[in-house]
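Taking the form predicted alone, here's one chain by itself in structure tokens.
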């Protein structure tokens, strides 16, 4: 009796060779090196995030040509949290224009905590769009310009950057809305100084929802690769962002993206990046690749402990630091993505 054929079976994946195998080996090495690190704590000030299994860990890289390398729990979804600030800022640059965007939010690093209820005294505007005040200002202007369809447009843009359909974690959204009193206070402060002219509750609803969108480490890598690829998704060839918005966004990610750890990150990793208290970090190797890491235990600055150290390791091994002229990293990735002759 002949065996029953297996329907919808996944075809075997050809083994990696050459530079691709070497890169996958380095990612596997970083995963093995840091998976045992149990330092850090969950973001328990958002009750739903306190329930996340703390040992989850994933590393992914997507090249500008759409090649993906990964290790660990890459299928696990987590909420994007503050990594969302990158993409809503880029959206506002495109929708409102550069001049109008910078009337709503400044571009200077801040030495204060990311959730500080504080504006720049020189013009009563948030210091930058990567802290909560700046991201809420951006959300307010998006809600003002796009009306009630603002979140639909945000979700659609995030999906285009990731190259797949995304969903909101309703439990996390409700948890943030129920406990986000500090962010609500920031929203009222911004409304009081005329940063936006729409109801604060509607702005915060948009902000909490954007933070509650579910992604994987691979999604973050692809979204980072979209920025690295001058705004074009490498998997779908969709032109998600224009070059000017991409350039400004990457610049602010480099100076302000890692909370109070931005200086250490720029020294040790040397890439534009953004972290979120859900445990994700998205890094961008300009014109070459995106990096996505996920591990929910956070350091004192709110950055993923395992994620931070694995990015540091990859930057050193592959040569990713933007300002190290002796490092052959750019050559390494170019060899990987160079067209065959």
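Quick caveat: nothing in here was measured; it's all calculated off a predicted structure. Numbering follows the first chain given and starts at 1.
There is another form of this protein, the form predicted together with a small molecule, and it is not shown here; the text below is about that form.
In short, of 222 to 230, 157 to 165, 203 to 211, 243 to 251 it is 203 to 211 that has heavy atoms within 4.5 Å of the small molecule in the predicted bound form. Interface residue remark: residue 81 is counted as part of the site for the small molecule in the predicted bound form, having a heavy atom within 4.5 Å. Among residues of the shown chain, residue 46 is one whose heavy atoms approach the small molecule to within 4.5 Å in the predicted bound form. Contact annotation: residue 216 falls outside 4.5 Å of the small molecule in the predicted bound form, judged by heavy atom distances. Although the partner is absent here, residue 132 lies within 4.5 Å of the small molecule in the predicted bound form, judged by heavy atoms.
Site residues 102, 144 and 196 are none of them in contact with the small molecule in the predicted bound form, judged by any heavy atom within 4.5 Å.
Residue in contact with the small molecule in the predicted bound form (any heavy atom within 4.5 Å), chosen from 114, 127, 265, 89: 114.
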